[in-house]
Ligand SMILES: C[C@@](CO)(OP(=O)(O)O)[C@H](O)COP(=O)(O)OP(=O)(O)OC[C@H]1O[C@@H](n2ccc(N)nc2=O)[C@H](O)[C@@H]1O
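Only one chain is shown below, in structure tokens, and it's the form predicted alone.
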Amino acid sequence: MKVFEKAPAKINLSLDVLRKREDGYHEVEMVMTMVDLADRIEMQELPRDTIIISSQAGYIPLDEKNLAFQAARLIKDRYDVKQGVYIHLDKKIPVAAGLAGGSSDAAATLRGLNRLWKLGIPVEELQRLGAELGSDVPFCVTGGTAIATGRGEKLEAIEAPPQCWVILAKPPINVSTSEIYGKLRAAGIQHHPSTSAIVEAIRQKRFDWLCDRLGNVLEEVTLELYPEVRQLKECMVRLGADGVLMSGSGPTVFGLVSKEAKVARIYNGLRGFCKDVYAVRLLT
């Protein structure tokens, strides 16, 4: 038997850091949503008790360093599953991009194995399992649009933002999330994005308000360390995107675009800057 799952990318419409926690994590407040750029995960039972992962992408680990592998091992151990599984990752989301590609793969693996092995695990329990793997995994289990607090694992679902085009562009660098958070001085943050203002823009279906209120406190760290991210953001603004922000810890920058007529011009302009450019829609 085989099952298939889509693992969509996420973007942060806002990302605020409130303080450094005693457990070493940061207390965050974010609004996250998903876009129509997705990995595709295929899972198939194996007769022997093992986990095998493959991928057409030559740049990701295929062992216990892979979050999908960790998700499979966690669900096997927790529910005493003696069957093995073959997992193929058809990667479309760029790696180390601030788009939660690995977290979404892990979430899709949890959902898929729950179906494959007929375990009947409730969604809330899948989210708790996901929190053991990474802060973005619980959100990726359900997707949609949500306010995330705690270290990202406490979720409140909200309605979807106004439908629009999303241009994603990743410069040819990889950024370490732990490095960016490590260099952030939470007490020194001057300008905090307003989660409530983002939520109000969504509730009122005001695309212009949403674009004006985007904010990510990690930008000040990433843009200082990686000037090419700043240049990419400035380029996207010049090309006419309605709202521009770095997603997560970067380096991917996204632009929200309301008019389809603008999309090709922005896309083609960015292709001269970097090869990883995508024009997609919000998953609403």
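Just so you know, these numbers come straight off a predicted model, no measurement behind them. Numbers follow the displayed sequence, beginning with 1.
Heads up, the form predicted together with this ligand isn't pictured, but that's what we're talking about next.
- None of 32, 223, 236, 245 but one reaches within 4.5 angstroms of this ligand in the model of the complex through a heavy atom, and that residue is 32.
- Checking 113, 107, 169, 100 against this ligand in the model of the complex, a heavy atom within 4.5 Å turns up for just one residue: 100.
- Taking the partner from elsewhere, residue 218 is found to have a heavy atom lying within 4.5 Å of this ligand in the model of the complex.
- At a distance threshold of 4.5 angstroms between non-hydrogen atoms, residue 28 is in contact with this ligand in the model of the complex.
- Under a 4.5 angstroms non-hydrogen atom cutoff, this ligand in the model of the complex has residue 151 among its neighbouring residues.
- The shortest heavy atom separation between residue 117 and this ligand in the model of the complex exceeds 4.5 Å.
- Contact annotation: this ligand lies within 4.5 Å of heavy atoms from the stretch 177 to 185 in the model of the complex, the single such stretch among 154 to 162, 77 to 85, 177 to 185, 193 to 201.
- No residue in the set 7, 142 and 284 has a non-hydrogen atom no more than 4.5 Å from this ligand in the model of the complex.
- Taking a 4.5 Å heavy atom cutoff to this ligand in the model of the complex, the contacting residues in 119 to 158 are 134, 135, 136, 151.
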